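Quick setup: one chain, the form predicted alone, written in structure tokens, and binding and motion questions come after.
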């Protein structure tokens, strides 16, 4: 008998420990998913709601690929998933997506839009995005905890050698674009950081006491004073506009502009607490520590609410950046408990994603089966959600064979100054933060109907199907459905379409009918929405 060496024993022990940790982690994910279902179902009973049934495998698989990976699955992936008899294949599909490049690509873009929304609307600031996305991408690859990401961002070095040059290229990945996008002004940084990381709107209090909320002007400028130490050093005179800054660590007060009493306020947290200043610690570091603290009343709940809205199309608090006593959550106890679980698991974004998508609530079908399911905030069925410009573009590429699958996986940034991707970006720019309110505009519909992406005379998927002479008409139609709407055609759909194809006498006429079917599928709501 072969002896087991000490090294092998250690390796086996580590494997056993790792397997045990994975099992424990999976149990905690399921416990949190069950927590979600308990709260949602308790509210259903109170409101007399009849929830929808569970989604079928094809519906769930397409949904999870778009929410986590930002692109529809391939034909082969859909076939394999639907045919897989494994009981926990849904959980395995989630794990596969979270460990792959699609999650990194999609959530890099998603978090950049959250943290740097100016890049979506200001072409001049769009140049900040590549370096910011480079920083985000590496943090997501490393599964860096969210509190650490936010601390890194809020304390990004602002020395002259680093990062505050707008429009420059070739620099290392850095989150410093957050400060450049806010023009390094304390009032802009205060409003932006409060909305993004705390989910509160204090903008109004910049000029006057908030008319509907508790925020006072003194609170706003006290919070802004944490950024008072950022001082523009000088304006550059190069061709590219330069805005370099230095930081004065002990500057922690601001004069309230145009204040009749000429008040000067000290840096103060939004809850009114005074900071405990430490030697050689910047005010930004002190603020970052408070924002990301486990007992911060906003941070964990705001992040939970934002991710909830990503997957359900609607936050437990709506809008997502308006946590306020005047804006009651649809399920306040659930929001509080999920916030505590998120903090207890070290602000692990993947843990929170796993818990949400493994819940029964998330896996309900989007098909309406009862009147009580109409109110979106009851989460009694999955809301139909509009896709982002990137998801529409990447899904069209995948469905039509315009790009190899791995290219569609990596495609993240649509920053080309010209070209069809830029055209998509402009036409499919989100007009609202709520995906459930998104509608297809006339220009979007015209682009999908008449653009080169749906010109059936040159789509590779059609050529590939026709290149296999042994495929029956039913198999050809089945492939077109799987490549576009990620499901098999219903029996009635298949029978009618097969009859239309087989009625054609010549190969050219048969090709034309198949092209029409493909065009119709690409222009359908089922393709252009997540459901």
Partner chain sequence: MPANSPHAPFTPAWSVPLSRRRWLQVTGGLSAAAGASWLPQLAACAQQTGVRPRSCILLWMSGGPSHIDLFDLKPEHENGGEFKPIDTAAPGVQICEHLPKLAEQARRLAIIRSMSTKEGDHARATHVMRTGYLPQGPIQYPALGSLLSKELISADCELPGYVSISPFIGLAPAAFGPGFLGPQYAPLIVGSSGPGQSDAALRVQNVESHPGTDAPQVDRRLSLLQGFEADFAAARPGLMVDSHRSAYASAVRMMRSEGIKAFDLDDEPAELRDRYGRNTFGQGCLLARRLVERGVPFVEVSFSGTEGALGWDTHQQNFPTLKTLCGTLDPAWATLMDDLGQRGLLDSTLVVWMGEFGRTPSINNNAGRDHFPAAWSTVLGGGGIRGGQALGKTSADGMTVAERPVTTADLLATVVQAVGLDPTKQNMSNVGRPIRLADPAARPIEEVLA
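Positions refer to the first chain, counted from 1. Just so we're clear, the structure is a prediction, and the values are computed from it rather than from any experiment.
Note that the form predicted together with its partner chain isn't included here; everything after this is about it.
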Is residue 110 close enough to its partner chain in the predicted bound form to count, meaning some heavy atom within 4.5 Å?
no
Residue-level contact is defined here as any heavy atom of the residue lying within 4.5 Å of its partner chain in the predicted bound form; does residue 284 satisfy this criterion?
no
At the 4.5 Å heavy atom threshold, is residue 368 in contact with its partner chain in the predicted bound form?
yes
In the predicted bound form, is there a heavy atom of its partner chain that lies within 4.5 Å of any heavy atom of residue 450, even though the partner is absent here?
yes
Its partner chain in the predicted bound form: within 4.5 Å of a heavy atom of each of 122, 201 and 531?
yes
Within 4.5 Å, heavy atoms only, one stretch in 66 to 74, 465 to 473, 494 to 502, 38 to 46 touches its partner chain in the predicted bound form. Which?
494 to 502
By the heavy atom within 4.5 Å rule, which residue out of 114, 104, 389, 384 makes contact with its partner chain in the predicted bound form?
384
Pull the contact list for 435 to 451: residues with a heavy atom within 4.5 Å of its partner chain in the predicted bound form, in sequence order.
435, 436, 437, 438, 439, 440, 441, 442, 443, 445, 446, 447, 448, 449, 450, 451
